[in-house]
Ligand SMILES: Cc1cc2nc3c(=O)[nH]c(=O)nc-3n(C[C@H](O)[C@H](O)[C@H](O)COP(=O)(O)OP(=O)(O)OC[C@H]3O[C@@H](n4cnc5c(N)ncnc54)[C@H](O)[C@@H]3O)c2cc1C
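In structure tokens, the next block holds one chain alone, the form predicted alone.
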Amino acid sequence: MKTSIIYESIKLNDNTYIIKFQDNENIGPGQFIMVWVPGINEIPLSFSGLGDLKEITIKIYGKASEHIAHLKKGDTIFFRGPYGKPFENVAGKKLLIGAGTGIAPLVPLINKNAYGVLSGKTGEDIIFQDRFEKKSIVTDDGSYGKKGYAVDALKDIDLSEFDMIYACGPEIMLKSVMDYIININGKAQFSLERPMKCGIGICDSCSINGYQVCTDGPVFSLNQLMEMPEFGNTRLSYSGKRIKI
């Protein structure tokens, strides 16, 4: 278990925060750490910043995430890792597709050749839009950008222009993106979000068709996902029961 002192906490909206802390570990885009809250739980969080000052972006969805989100400068963060397989950061034009905080692990991939598709339920869910020079924004309710889903934004984009497509967010969104691009552009990498307890391939809570998202992923290629019938259909609950997504 590692510890670090919080350098800065930034509030993005009512339930989303950026936490910055010092760590000299060499980390690839898309990798994650398991952040421990003593007496509560341990949860996986990916990086939105990879410099000497590491940056995680967290949305409050339970007691552990609420505790981490409210850490202040000078507080201590407990974590282990990094874990997982990172994105392959290719040269050329990139299309980055993120829903809500799913855009966070894609932020380190942003450069002048990156085009962003940001989606959310409402305008409140859209973050990091200022990091992109070129972007499309869609929301379920139409409160910001165009009304629609991430896949709807793709219909106005020539996908053949991009050397690689990267996507992260809820699995239903990723499945819709995969189904859309499957016959248009085969160069894509997806970061999966599944329940995760150990982060090292032991507990099996994040399994998908024999793969462990924590060790074999969280980044998978389009070809890999095409061979996973569970993708976008079923997953394991925290109790270990297989449920429909």
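Residues carry their position along the shown sequence, with the first being 1. Predicted model, so just to flag it, every value in this text is computed and none were measured.
The next section is about a form of this same protein that is not shown, the form predicted in complex with this ligand.
Chemist: Please pick, from M178, I208, M196, I27, the one residue with any non-hydrogen atom lying within 4.5 angstroms of this ligand in the model of the complex.
Modeler: For this set of options, the contacting one is M196.
Chemist: Taking F32, Y61 and S65 together, does each of them reach this ligand in the model of the complex with some heavy atom inside 4.5 Å?
Modeler: Each of the three qualifies.
Chemist: Can any non-hydrogen atom of L50 be found within 4.5 angstroms of this ligand in the model of the complex?
Modeler: Flag for L50 set to no.
Chemist: Flag T57 as yes or no: does it have a non-hydrogen atom within 4.5 angstroms of any non-hydrogen atom of this ligand in the model of the complex?
Modeler: T57 belongs to the contact set for this ligand.
Chemist: Although the partner isn't part of this model, could you tell me whether S119 comes within 4.5 Å of this ligand in the model of the complex, counting any heavy atom of the residue?
Modeler: Looking in the model of the complex, residue contacts with this ligand do not include S119, since no heavy atom lies within 4.5 Å.
Chemist: Any chance A188 has a heavy atom within 4.5 Å of this ligand in the model of the complex?
Modeler: No - in the model of the complex, heavy atoms of A188 and this ligand never come within 4.5 Å of each other.
Chemist: Taking this ligand in the model of the complex, which residues along 28 to 46 bring a heavy atom to within 4.5 Å of it?
Modeler: Heavy-atom contacts to this ligand in the model of the complex: F32, N41, I43, P44, L45, S46.
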